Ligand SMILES: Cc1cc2nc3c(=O)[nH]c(=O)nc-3n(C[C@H](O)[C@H](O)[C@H](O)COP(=O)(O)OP(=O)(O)OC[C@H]3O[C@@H](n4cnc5c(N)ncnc54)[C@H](O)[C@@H]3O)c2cc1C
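As structure tokens, one chain now follows by itself in the form predicted alone.
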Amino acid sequence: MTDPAASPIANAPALILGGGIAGLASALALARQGIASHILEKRANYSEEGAGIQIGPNGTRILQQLGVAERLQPLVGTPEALSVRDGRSGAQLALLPLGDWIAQRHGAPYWTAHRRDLHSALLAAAEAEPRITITLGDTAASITSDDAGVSVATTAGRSVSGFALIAADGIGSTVRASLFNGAQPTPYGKSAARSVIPIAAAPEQLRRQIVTIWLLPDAHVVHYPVSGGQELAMVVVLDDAHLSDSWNEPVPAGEIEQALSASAPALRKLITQAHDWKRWTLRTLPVPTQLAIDNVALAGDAAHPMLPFFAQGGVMALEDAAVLAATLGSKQGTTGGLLADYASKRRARVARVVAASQRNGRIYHLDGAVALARNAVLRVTPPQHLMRQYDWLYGWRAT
């Protein structure tokens, strides 16, 4: 048995590339195991972190464990239900329970938040943790991994070392491209546009504290409360071939309204209230065969970029962090062996979630007879029965 005191984990930090949700959560989870970390974030300053994010019980449970939930809670929405609507007629197809029902079933709440608020809460907790060092405006130029650990030569001319490297550098991960399979994300044939408005600006019937999804042929719209229930985050997903490398590409005035011109009056009215749409191209990537090689591991979107059809992208990053820290925290074995164990615990889980998200995307955009059949199933199936199908997702625990 390995002597924990002699382990390199006890004598050097973990190096983490990327200071987004995956990187910060990994650092916080490692700190809870008594493990130091050094985050290298290539941005000199953190910018606006997208629009909204849904955090199911499998994610809020981890935020509670990391000591972040209390900081974030005043800024979240706690939706009572998920309303599924026909995007053309406006008819409600199903009203699925969230709120108290899901919190009691899974022991943690279902939250909706501005991504900025989640990131800020994670960052504040990390900055207050003495085991975490954060360096902005720097990232890896080259990486050397051997039995002694990992050495990184940075773009700013520094040399930093650690017992392991966690690549949490996003969908365009340079570590994944250079050290793993080299695959690059490919366009999925859909784009998404996001905006946030004051909830008071929404049509009166849409000001409720619920998640709403509108299903249309070749499109769907999701909106939910954020900012303590005072704002409404909206995402419009369209089937199109638009390509952009930007996460924040402005959408020309009137384009979203035109794309949804055949939708229900309440949805059209809601869309007209937003005047600052930002668009990005959806991309997909198969989950790599290996999530860890020697002393280097992938986490978050660097490991498994998610399409936004299952509301699990950010939550999978939190799960990665929890499993990574619990595995390394045992200090029983070599670093490479422990990271291989982390990878084996995560791959099947994230592959299942990736597949479920892609399946949802297909179901959301159905047309014709198959859309009518989908709607009929939603109408006649008991709501709690539909939600129990996701016990495997929301009931997950790291240990």
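On a predicted model such as this, the values are computed, not experimentally measured, just so you know. Start at 1 and count along the sequence shown; that's the residue number.
Missing here is the form predicted together with the ligand; even so, the following discussion is about that form.
Counting only heavy atoms and a 4.5 Å cut-off, does the ligand in the predicted bound form sit next to every one of Arg115, Gly170 and Trp280? Yes, all three are in contact.
Just one of 203 to 211, 287 to 295, 241 to 249, 99 to 107 has residues with a heavy atom within 4.5 Å of the ligand in the predicted bound form, so point it out. Every other range fails; the passing one is 241 to 249.
Mark Asp301 yes when one of its heavy atoms lies within 4.5 Å of a heavy atom of the ligand in the predicted bound form, and no otherwise. Judged by the heavy-atom cut-off of 4.5 Å, Asp301 is in contact with the ligand in the predicted bound form.
Given that the partner is absent here, does Ala29 sit within 4.5 Å of the ligand in the predicted bound form, heavy atoms only? Contact with the ligand, no.
Test of understanding: in the predicted bound form, would Leu40 fall inside 4.5 Å of the ligand by heavy atoms? Yes - in the predicted bound form, heavy atoms of Leu40 and the ligand come within 4.5 Å of each other.
is_contact(Pro79, the ligand) in the predicted bound form, heavy atom dist at most 4.5 Å: The answer is no: Pro79 has no heavy atom within 4.5 Å of the ligand.
In the predicted bound form, the residue from Arg194, Arg176, Arg85, His220 that sits within 4.5 Å of the ligand by heavy atoms: Result of the distance check: Arg194.
Who in 122 to 142 is close to the ligand in the predicted bound form, meaning a heavy atom within 4.5 Å? Stretch hits, in order: Asp138, Thr139.
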